[in-house]
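A lone chain, given as structure tokens: the form predicted alone.
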């Protein structure tokens, strides 16, 4: 065993695992598996082997240099730890996805679970992806834009702010800040920070977050709680407390035996623990709760912020840039025009008045004095109408130069050209008479190859 586990943690997990403890230690000495989750709307050659509990999850035979793969920057897949993809089972087994849903991802950065949720819910559902730390919210926004779905609002709020939205959400996902024991193999810093006191502080923080967001869940709504720790105080004990204090029931999941996922039970609570010596993944815990108590709904009307809509002339032009524009709801923020699904028309005034919005829908274009310039997120959108602009397919070398924001030469008509790789949008070039301007976002560029 090369990893030197904290003594208190080692004693605790040894007591919990019993005779399986040596296998657990051996697993921590192995190389972590590499996994990705595919974007259902952005097709690329399917490689790897399936993650059993996730329909779009794939294990890769080795770890490539993801930074040099244009498909990653096009949002064709998300690099995500396989165990955390187990979220899918709670959604498909206990959430009615045939109807529009309001979903909240409380601690969403960097975006793994939010992009997963967008792939699972219907196009007329709404996801609020929240991150309290503003710098991390920017990273979340970037990954959301790359994924390309328009039915999402990125916010940066403290969990207590969601008390303004009583009874608003059908589903809440809380991947809670935790002591990080399940990541010891991948994250040595988590091991250095671990202590019994840290576990206690994490449990207190989790309790506060659950208390803050619970009122925003509808009656009969589902809260999915997860951590990357093995601590009972941070896992089952949190579920038990919610069932007692807030009148909720723990939901059972059907788990095929070959998945090797441990079912944990304590009092009336059930949870599901993934161990690295039993599954091809890291340590991960998940439990699901259904709200039984009645809950007043969020208020309607009387919101301070008015929805700014583009002019009919602007809407007429940008409508040609997206598929099925009749099902779009258009807003304008400053000079930027955003597209949302029509189903968000009712909820958008509530969200923009109640929360600190970082990004919403899909930014389609920026209005200048005499024209509209397409936004980068439009190039990545699953609703992009590719025929609306000239398109130029890039080689791998040109694609990497483009992603570094270096100049590239293309043969295309003057004006805005969509550049693609493998048929997927990467961004825009403004083609001039003797050169072209690379419009890839400065903050997103690849700094090293």
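Residue numbers count along the first chain shown, from 1. These numbers come from a predicted model, not from an experiment.
Only in words, not in the display: the form predicted together with a small molecule, which the text now covers.
- With the partner omitted from this view, the residue of 123, 245, 133, 262 that lies near the small molecule in the predicted bound form is 133 [heavy atom within 4.5 Å].
- Note on the partner interface in the predicted bound form: the residue among 108, 344, 339, 118 having a heavy atom within 4.5 angstroms of the small molecule is 108.
- Across the proposed site, 325, 375 and 383 without exception lack any heavy atom within 4.5 Å of the small molecule in the predicted bound form.
- Though the partner is left out of this view, residue 199 does not reach within 4.5 Å of the small molecule in the predicted bound form, counting heavy atoms only.
- The closest heavy atom approach of residue 159 to the small molecule in the predicted bound form falls within 4.5 Å.
- At the 4.5 Å threshold, heavy atoms of residue 113 reach the small molecule in the predicted bound form.
- Proximity of residue 177 to the small molecule in the predicted bound form falls within the 4.5 Å heavy atom cutoff.
- Heavy atoms within 4.5 Å of the small molecule in the predicted bound form map, among the stretches 313-321, 217-225, 163-171, 204-212, onto 204-212 alone.
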